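Next up: just one chain, as structure tokens, the form predicted on its own.
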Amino acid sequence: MSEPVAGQPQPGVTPVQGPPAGLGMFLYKARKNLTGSTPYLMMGGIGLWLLTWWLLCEVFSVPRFEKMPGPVAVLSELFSVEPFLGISVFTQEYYQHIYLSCRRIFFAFMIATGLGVPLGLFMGWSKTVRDYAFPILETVRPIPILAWVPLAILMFAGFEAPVIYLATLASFFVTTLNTLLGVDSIDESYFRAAGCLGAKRRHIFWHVVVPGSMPFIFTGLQISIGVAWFSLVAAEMVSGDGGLGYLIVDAYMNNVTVPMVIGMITLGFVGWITSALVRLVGNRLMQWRVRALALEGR
């Protein structure tokens, strides 16, 4: 009787397949989502929101809502080739506002991530760094972003730098604290096991601390980019010369509500897309966690 050859499938034995990865993982999750109830519940939720908005503003004209533009008025203006109020998907100004806001968010988010993630890692890794940095962080963090506006205008010249600074500041706190929580969440047994195996401190940092805190880091980054968006809009309303926040406050000052609502809806969708991109990058960098969740049916 011949000996079985290693690496070759044996007759009558079903090979065990591992979890899908890469493109296979993406297709697997897409099929799973389409066969589940999630996308249909999302569509139903959006439809219910539009229906409620239409009934309150355009059908029953409920008090406190009768002055608001309804979905028919907003969508008609948004998709008009020749918009009466000057803003639609066919006008260059609309995309200019989106571009300015997205560019500011990109710089603010990258700066906050580049500073906040290392600081959070070192605060969780070193008690000395935490003792120095954490009290300052906790003292400055509760200050509202709008309170920083006058100082930002005084500290930075022009229109761009103050807006980016304010968005960076809000995003920085969220990123740092979530990274710190990620390091604190790592089981102490991993550190003991690495030490018993003779790992040096720098090896423990790169192979235990950084991977172990990644789920918290990317959760923090998803929150961080949302915080950056509403901080950016507040900054654009006060000191900007363009962008979605400027569009909203400019429409309000000119007493035209339709462009204001268009700016709000656009802001919501653009923010949603950026959060999804951060989540996609996180899943790509943490394939091990995605595969583990897939095996658990989550």
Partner chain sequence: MATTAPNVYNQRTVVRRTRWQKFLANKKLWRGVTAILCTLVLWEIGSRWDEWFGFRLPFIGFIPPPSDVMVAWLEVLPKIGYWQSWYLSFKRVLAGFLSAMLLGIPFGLALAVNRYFRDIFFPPFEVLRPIPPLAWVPASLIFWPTNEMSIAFVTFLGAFFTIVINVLGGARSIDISYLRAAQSMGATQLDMFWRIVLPGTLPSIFTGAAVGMGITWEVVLAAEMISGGGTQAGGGLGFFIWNSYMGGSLEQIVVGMISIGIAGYLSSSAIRYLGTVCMPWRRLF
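Rigid core here is just the name for the largest C-alpha set that superposes within 1.5 Å across the two forms. Only a predicted model underlies this, so the values are computations on that prediction, with no experimental measurement involved. Residue numbers count along the first chain shown, from 1.
The form predicted in complex with the partner chain exists for this protein as well; it is not shown, and the discussion that follows is about that form.
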Contact between Met264 and the partner chain in the predicted bound form at 4.5 Å, heavy atoms?
yes
Taking heavy atoms and a 4.5 Å cut-off, does Phe60 contact the partner chain in the predicted bound form?
no
Would Glu82 count as a contact of the partner chain in the predicted bound form, using a 4.5 angstroms cut-off between non-hydrogen atoms?
no
Does Pro150 reach the partner chain in the predicted bound form, with heavy atoms at most 4.5 Å apart?
yes
For the three residues Gln96, Arg103 and Ile164, which mark the spot I'm curious about, does each lie within 4.5 Å of the partner chain in the predicted bound form through at least one heavy atom?
no
When the partner chain is placed as it is in the predicted bound form, which of 105-113, 84-92, 123-131, 175-183 ends up with heavy atoms within 4.5 Å of it?
123-131
Is any part of 110-149 within 4.5 angstroms of the partner chain in the predicted bound form by a non-hydrogen atom, and which residues would that be?
Lys127, Thr128, Asp131, Tyr132, Pro135, Ile136, Thr139, Pro142, Ile143, Pro144, Ile145, Leu146, Ala147, Trp148, Val149
Given a core-based superposition, decide whether the C-alpha of Phe269 shifts by 2 Å or more between the shown form and the other one.
no
Compare the position of the CA of Cys57 between the shown form and the other one after a rigid core fit and state whether the shift reaches 2 Å.
yes
